[in-house]
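We begin with a single chain expressed as structure tokens, specifically the form predicted on its own.
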């Protein structure tokens, strides 16, 4: 099922039925700044104007998943309500995300190799990395894991060819024009450029994560 063009700014969304209890709204098949902004904008609209019968809204980098109760709602009704909101998305007020400062100890084991890959010195890389705030693109993959971006072309590096078995919570990762922060122990194929004391996951808190998609993060050098 294909959706309709909603704005001149955002990409044309595609509505995909996933079984009998979920609909995926997809703004692209690759990560772009505008597709990510569209996913964040739709999530904000669905928070302000929820669709009856929808149990959960799960944003991702370029898509938004809606899970609904098929005993209460039909897929056609959910899709119809979605299209109404998508048509209004261009006129929706822009949400100002919360601003955060995240100090980083730039001492990761891959810092030098990343700087070399980008033909920079380590100080040049750190200065370029921290030059401007990044947007929280999405959270997920693992509890509290946060994707930040997008860096300019001068800071785009591929992922590693090998996966490290485990890195600690608070590890600052870098790859594919993004910076990420881990909140739990996990394996990674991203480059490790540093560590931070900033924690983004507390299972006892409500909500359990501090950062939300659309927030702005200014990375700084930790004292």
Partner chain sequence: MSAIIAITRAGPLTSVQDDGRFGQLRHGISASGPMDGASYRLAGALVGAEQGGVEFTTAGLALRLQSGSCGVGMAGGSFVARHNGAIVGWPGAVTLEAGDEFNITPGSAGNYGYLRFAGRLVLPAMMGSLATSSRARLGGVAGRALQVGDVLELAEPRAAAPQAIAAAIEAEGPIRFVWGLHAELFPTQTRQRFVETGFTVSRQLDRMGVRLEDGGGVFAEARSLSLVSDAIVPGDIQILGDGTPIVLMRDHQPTGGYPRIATIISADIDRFAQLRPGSDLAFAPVSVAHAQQLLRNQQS
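Numbering follows the first chain given and starts at 1. Small disclaimer: the values here were computed from a predicted structure and weren't measured.
Quick note: we don't show the form predicted in complex with the partner chain, though the next part is all about it.
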Exercise for the section: May I ask you to choose, among 149, 108, 144, 97, the residue with a heavy atom within 4.5 Å of the partner chain in the model of the complex? Expected result: 144
Fill in the blank from the handout: Contact with the partner chain in the model of the complex, heavy atom within 4.5 Å, among 123, 133, 140, 80 goes to 140
Practice task
Tell me whether 37, 181 and 220, taken together, all sit within 4.5 Å of the partner chain in the model of the complex, counting heavy atoms only.
Solution key: no
Handout entry: Exercise: residue 119 in contact with the partner chain in the model of the complex, heavy atom 4.5 Å
Key = no
Practice task
Indicate whether the partner chain has at least one heavy atom within 4.5 Å of a heavy atom of residue 198 in the model of the complex.
Solution key: no
Problem - Exercise: residue 171 in contact with the partner chain in the model of the complex, heavy atom 4.5 Å - result: no
Practice task
Mark residue 114 yes when one of its heavy atoms lies within 4.5 Å of a heavy atom of the partner chain in the model of the complex, and no otherwise.
Solution key: no
Completion exercise
Taking the partner chain in the model of the complex and a 4.5 Å non-hydrogen atom cutoff, the residues of 45-73 making contact are 47, 56, 57, 58, 59, 60, 61, 62, 63, 65, 67, 68, 70, 71, 73
